[in-house]
Each structure stands twice: as C-alpha cells, then as structure tokens.
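Next comes just one chain, in structure tokens: the form predicted alone.
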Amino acid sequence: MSAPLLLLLATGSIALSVTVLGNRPKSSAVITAIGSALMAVFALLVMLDEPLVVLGLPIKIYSTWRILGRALVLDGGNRAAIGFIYLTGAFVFGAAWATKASRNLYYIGLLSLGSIAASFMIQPFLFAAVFLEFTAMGAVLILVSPGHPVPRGGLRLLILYTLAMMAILLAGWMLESVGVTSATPELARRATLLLAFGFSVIMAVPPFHLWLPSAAGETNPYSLAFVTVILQSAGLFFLLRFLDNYAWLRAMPELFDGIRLVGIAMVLFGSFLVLAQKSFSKVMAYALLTDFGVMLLAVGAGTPEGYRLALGLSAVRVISLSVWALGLAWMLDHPGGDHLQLLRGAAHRSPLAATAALVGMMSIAGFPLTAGFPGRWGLLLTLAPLDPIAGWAILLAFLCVGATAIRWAYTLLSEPRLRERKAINFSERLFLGGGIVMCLVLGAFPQLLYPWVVEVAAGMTQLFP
C-alpha cells in the first residue's frame, strides 16, 4: 500500500461521508475536524517503507505512489507540512458549525486540504501549481453564499490563479528543459519574472488582491478565513521550496531586495486602506494584506531566521484570523450586515463574540500579549539593522491596524442599536472563549507554537542548513 494513496483516499472518503449528512452543520463539523486530525496524525507518524504487523497481518506502507509518469512522495521533507495543513483544517472545521457557513465549507474544504497535501508530495514539485489551481476551484464553491451564488471574488480568484499556474509552469519548463542557471543571466531573468508574477498572484500582491475585498463583502467571514489561510500557507511553502531547490535564485541579492520592496508596498497599501473601511469584513481583507506584506518582509530577509519567522507568522494567522472570523460571523444578523452602523453596540448583545473579533484583530495587528506580537517583534529586531525602512513598515502596520481595532472597539461598545442579547449556548461559548484564551496564551508563551511550526520546512536543507 502507498501512503500518499491512502492519505488521499481517506480524505476523499471522509468528504463523501459528509455530503450524505445533508444540512447538519454540527455533525459535518465534527466529522471533518476529527477526520482532518486523523489525517495529520497519519502523515506525521506512519512508518514508511518498513514492515508492520496489524491484527496479525504483515503489511508494508510505501512512501511513493507513481501515477501517470509522476510520483507523489510522503517523506521527511514534507510530512510536517502536510500535518500542519490538516491540523489547520481540523482547527477551523471544529467551530465552523457556529458560523452559519455554507455546507460546501466542509466537504469541499476537506478536498481542498487533500489537494494541497498532493501539491506538497508531487514530484517534480513544479507540478504543485496544478494542485493549487484545483484548490482555487474549490475556493470558488466555498465562497458561495445564498446572496451571491456566483461570487465575484471567487471568480476573480480562479482567473488569477489560472494565470499564475500558467506562469509558474512555463517558468518550470524553462528551468527543467532549457537549463536556467546563474551562468545564463538572460534566461534566469525571464524565469524570475515569470515566477515573480506567479507568486505575486498567490501572495495577493496588489493589484492581484482584488478578489480578497470583493469576497469579503459577499461571503461568510469564516469561509473566507478558511480559504485565505490554506491558500497562503500553501503559497508560502511553495515559495520556500523554490528558494531551496534553485541555488541561482538564492544567489540573487536583488531578488530578496525586491521581495522586501513588495512587502513594504503591501504594508503601505493595506495599512492606509484599512483605516478607510466601514465594513468589518473589508477591514479583515485589508488587515490581511498588511499581514501578507509583513510575511514577505520576513522571507525577504533572506536568512534562516527570517524564513522561520515567516512560517511562524503563517501559523499564528490561522489562529488569529479564525478567532476574528468566528466572532464576526456570530455577531452578524444577516450576510452583509457588518457595516459600521449596523454593528454599533453589538458588544452589548454579543459580548463574547465581540471580544473574540477584537482579540483576533489585535492579534493580526501584533498587539502586545496577543499571539501575533512575538513574531512581529522578532521580525522587527531581525530586519531593523538590515533594512530600516522595512522596520518602519512593520511599525506602520501595527499602528494602522491597531488604530482601526480601537475604532471598532468604540463602535461595538457604543449605544446598542438593538438592546436584546443574542442567546449563546455552552458549546458556542466554549469555542469563542477558547479562541480568546488561545490568542492570549500564545502571546505570553510563543514557545508553545513556534518550535513545532518551523519543523514544517525541516526538509529544506539549503534554507535551513
């Protein structure tokens, strides 16, 4: 038996079992969360290429599955990354039932996790772009909402990812067939431009971010959070694999200068626009742009410490954004009801949900004592001597998103528009309160998260010698 085949078959089987449940969000959430956690355990702990005895029967689970001339390989280089992406799904699925998200989130979301896992395992790894395209197709269905059966944001995402896939595959053909090295500067320049375009789309670099604010105004915020965290996590790992595999890319100092410049531009763009938003969902979209920019600044440091911080920031985003989206989704009376005036006084009728949304937002901003602070602070100390402008950009992101958080806190605590409180049961209270506690505990004890997350890239020996 092949481990990649077992992993993908189990993912598909669990997704299929969810489809027969119909409109039962609690059952769907439990099955997908437990299923994702089990897939993570399998990816992290299964013994590969060694004989095992199960119920008295000898079996051997192989690390490689060959299909159509390509190979999917589960090994020490990608096990932690696959485990991370499935644990991300388990974390997000667990509370999804309380957000009134579309049932597509469960089974399409699980299939999307399988697609990303396949992108981590595929050899040659350049074909990972194809699986990211499949993930983008699934994202369109996840972003569907009753008021927007054909989401503009999702369609924009699909179009942009299709163009990115074509650019990355063309660059891959040049790298493998033509033979691009540091000794062929013209070919290297062309391949770098194609890769830069592809990764600019994947990382939502403006103007390729247009799908994000559009989707924020159309879909359930929790569904948007899921799509965002899995796409960005996969994109970051894909980018690091490129840097690990091609020495001529790592030998280009102007490449890392360019990455930092793009990161600074994203921080400036997102920071100023986040201040102008009157929709809480669009605040989330532009706050995420600043967070993506900060992550690119970490990659642009071009050092092992910078790469580790980028991975840590990506993991923290999963928690912070999920808590923010969970609180916001629970507060909403109806889709699109997240305008400044409509949420005025929402903390009086949904105090725990409002607290979760604000704590998640402050964590994205990097407030002290929240999960987002240790990574931002570490990056500031790393980058300030190397590039003072990048250091100021990190501070600007904190000030602008932080000021927006204070403004929304004032709005949510204002005289309530509706005085009656929304009923909240024990399980909903548990998820909301647990998310708040997690953001605060990881802010005080980052060592609970960061050492494990950096193992995601343990197989990249060139980046982490």
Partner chain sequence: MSWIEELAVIPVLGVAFTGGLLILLDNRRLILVTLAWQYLFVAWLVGVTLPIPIAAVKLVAGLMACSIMALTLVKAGWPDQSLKPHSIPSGRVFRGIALLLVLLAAGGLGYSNWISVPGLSPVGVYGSTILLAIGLLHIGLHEEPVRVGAGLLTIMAGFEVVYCAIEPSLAVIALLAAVHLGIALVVSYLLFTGTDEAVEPQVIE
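Positions refer to the first chain, counted from 1. Values in this document were obtained by computation on a predicted structure and should not be read as measured data.
Beyond the structure shown, there is the form predicted in complex with its partner chain, which is absent from this document and is the topic of what follows.
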query: Interface stretch in the predicted complex with its partner chain - options 253 to 261, 385 to 393, 273 to 281, 99 to 107, non-hydrogen atom within 4.5 Å; finding: 99 to 107
query: Of Leu380, Leu358, Val140, Leu87, the one that lies within 4.5 Å of its partner chain in the predicted complex (heavy atoms); finding: Val140
query: Option touching its partner chain, based on a heavy atom within 4.5 Å in the predicted complex, out of Phe242, Phe131, Phe373, Phe199; finding: Phe131
query: Contact test, all of Leu68, Ile159 and Met166, partner its partner chain in the predicted complex, heavy atom 4.5 Å; finding: yes
query: Exercise: His339 in contact with its partner chain in the predicted complex, heavy atom 4.5 Å; finding: no
query: Distance check, Pro207 to its partner chain in the predicted complex, heavy atom within 4.5 Å; finding: no
query: Its partner chain contact at Gly76 in the predicted complex, heavy atom, 4.5 Å; finding: no
query: Asn23: touches its partner chain in the predicted complex, heavy atom cutoff 4.5 angstroms; finding: yes
query: Neighbours of its partner chain in the predicted complex among 382 to 401 [non-hydrogen atom within 4.5 angstroms]; finding: none
